[in-house]
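Before any questions on binding or motion, here is one chain by itself as C-alpha cells, the form predicted alone.
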C-alpha cells in the first residue's frame, strides 16, 4: 500500500481533508452538565462528590477492589512505587520502550531504572527477557532480590503499551519467585482485558491515566488501583498531604503529596466513563478497518495479543525499515494526517544513558520501525 492511499483511507474515515490529530478527546455526553454542576456547587477542588463517584465507578468498571484518584497518571505511578516500598538506591526493572513518565516516577524516589526488553507481540515487558536477566544478573537472599552490584531490585513496572495487555500473569509468577513487587503501568489500557480480567488488577497496585489524549479524559488525572484496603487507605492519605481528619485543625503526620484529583476533573471523568464502552467498540472497529486495509501491505498492523482484548488506544504499524518509517512520517504529517514514531527509547535519553540494561534488540527494532496512526473516536 502506498502512503498516499493510506492518507486517503484515513481522510475518508474521518470525513475531512483538514488536520487529523493522533488522538483527540470527544465530549458528546454529560460533560458540560456535570462540570457546570461543580461550578454551581462551588466544590471544584479536591473535595467534592464527583471525586468519590468517579473512584467508585472506575473500581466497579475494572473490578478493582479500591481506586484512589490523583492529579495525573505520573502521580499515581509515583505513589504506587512508594507504597511498594521503593527507596533511595533501589533498582526498578522496567522497559526502555515506554513514555518517560514511567522512569521519572522511579527517579522521584531516588531509585534507578533497569531496562529489560519487550515482547514483539505485546510491546510490553517480555517475561522471557525478565527471567533471563534475573537468572543471570541477580541473586535471592533472605527473601529479597539483589543485583550483582549489591543493589536491591525492589519492583518491576510493566506497561500495557498502546492499550495492548502484556503477559502479566507470567511476569507476576517470575516476580513472586524472586520476591519482587510487580506494578502495572496501565495508563493506556483502560478497557483492555487479559484472559477476561481487566489490566491493572493483576498486580497488588497499578496506575491509570486520564490525560487529554487517553481513551477517556479528565483533562489531567490518574488513578491508583489496588486490591488491598490498607494500600488504598495509605494512598489516599499520602496523596492528601497526610492530613488527619479534624473539623478545623491542620495536623499532618508525615511528609506527603498534594496529589488528589479536583472535583471538576472528576466530573468530566464521570461523564466520559458513561461512554467508555461505546468508545472502545468504535476504536476496535477502526482497528479492524486498518487491519483489513493493510492486508497484503508492506506495513504490519499491530493486533491485540492472544488471550487479550485491547482497547486499541493508539493504532500502530511496523514499517519494513527505518527509511520507510521516516518517509511515511514525513508524507503523512505534510498531508495533515498526524502520525508519530514511538517514544525515544529511555536508555538513549541523557538522564538515563548510564542505567543498567539487558539486551534490547526488540525495543531497538520497534523504535526504528513503529508508527502510530490516527486513533480518535469518531462516533459519527
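For clarity, every value in this text was computed on a predicted model and none was experimentally measured. Residue numbers count along the first chain shown, from 1.
Another form, the form predicted in complex with a small molecule, is not on view; read the next lines as being about it.
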Residue 211, heavy atom within 4.5 angstroms of the small molecule in the predicted bound form: yes
May I ask you to check whether residue 224 falls inside a 4.5 Å heavy atom distance of the small molecule in the predicted bound form? no
Please check if residue 188 has a heavy atom lying within 4.5 Å of any heavy atom of the small molecule in the predicted bound form. yes
Decide whether residue 73 counts as a contact residue for the small molecule in the predicted bound form under a heavy atom distance cut-off of 4.5 Å. yes
Can you pick the stretch from 180-188, 248-256, 116-124, 291-299 whose heavy atoms fall within 4.5 Å of the small molecule in the predicted bound form? 180-188
Though the small molecule is not shown, can you say which of 77, 93, 166, 266 has a heavy atom within 4.5 Å of it in the predicted bound form? 77
So which of 134, 159, 235, 171 gets a non-hydrogen atom within 4.5 Å of the small molecule in the predicted bound form? 159
